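Shown here is one chain on its own, the form predicted on its own, set out as structure tokens.
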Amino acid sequence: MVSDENPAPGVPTTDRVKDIFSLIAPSYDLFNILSSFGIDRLWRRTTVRLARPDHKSVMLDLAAGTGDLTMAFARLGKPASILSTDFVPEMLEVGKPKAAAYRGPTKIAFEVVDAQDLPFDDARFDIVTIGFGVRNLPDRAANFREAHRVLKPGGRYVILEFSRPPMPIVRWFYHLYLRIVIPNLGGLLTGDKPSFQYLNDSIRAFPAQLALASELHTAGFRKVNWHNLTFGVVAVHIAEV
């Protein structure tokens, strides 16, 4: 667990993450669309396909934020139910109207939950997901252990997250984009440039694909693989219990 006192750039702490995301919640969706040129929707669709839900799947979406991944699963995967959770209530409030407008078979509920300390029984869920949230957890290992605990045997933890492009030239341009565009675009939309500087730093500090897979193996997952999207700018890790 990282201390909240004088954290290094890009290092998540509970106070830092809550302060940032409670402030930027109203502009978060627009920022995602603009900063990814709309490709974020394709990333979520691909995540749904790789997760392989069916109509009987009981799902838990961690660090669900404004609910875009939750809704992608409801619309495209049509599982039996999704519990959409986050520890920043302001983010969930943005997502609730999306669920209210949904007309489909999936039951959607919301709950304020810390992804590092889940208040659920063992082996409750078929699929646990997290989209662009793992890098904002102060204790990533605790989250991995908890996700493993609440999954049924054969269940899958599906992680959609920014990653590290393997090609050096792509990585160079990507890091330049992160350093220049992300803080300035975020500052323009919200007036809070420092928060988006943190987002830039957190992406660059996050483990590469193989290192993240190793952490998941250490947490007890028996099989881990990943799929690079958009030249490895993001990756989807699938960890099986």
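Throughout, we count residues from 1 along the sequence that is shown. Computed from a predicted structure; not experimentally measured.
A second form of this protein, the form predicted together with a small molecule, is not displayed here; the remarks below concern that form.
Trainee: Tell me, yes or no, whether residue 64 is in contact with the small molecule in the model of the complex, where a contact means a heavy atom of each within 4.5 Å.
Mentor: It does: once the small molecule is placed as it appears in the model of the complex, residue 64 has a heavy atom within 4.5 Å of it.
Trainee: Would residue 144 count as a contact of the small molecule in the model of the complex, using a 4.5 angstroms cut-off between non-hydrogen atoms?
Mentor: Contact check for residue 144: no, nothing within 4.5 Å of the small molecule in the model of the complex.
Trainee: Residue-level contact is defined here as any heavy atom of the residue lying within 4.5 Å of the small molecule in the model of the complex; does residue 115 satisfy this criterion?
Mentor: Within the cut-off, so yes.
Trainee: Evaluate residue 17 for contact with the small molecule in the model of the complex, applying a 4.5 angstroms cut-off between non-hydrogen atoms, and reply yes or no.
Mentor: The answer is yes: residue 17 has a heavy atom within 4.5 Å of the small molecule.
Trainee: So which of 28, 196, 43, 174 gets a non-hydrogen atom within 4.5 Å of the small molecule in the model of the complex?
Mentor: Spelling it out, the residue with a heavy atom inside the cut-off is 28.
Trainee: Quick one: of 151, 88, 83, 158, which gets a non-hydrogen atom within 4.5 angstroms of the small molecule in the model of the complex?
Mentor: None of the others qualify; the residue that does is 88.
Trainee: Report the stretch among 164 to 172, 99 to 107, 71 to 79, 125 to 133 that approaches the small molecule in the model of the complex to within 4.5 Å, counting heavy atoms only.
Mentor: It is the stretch 125 to 133.
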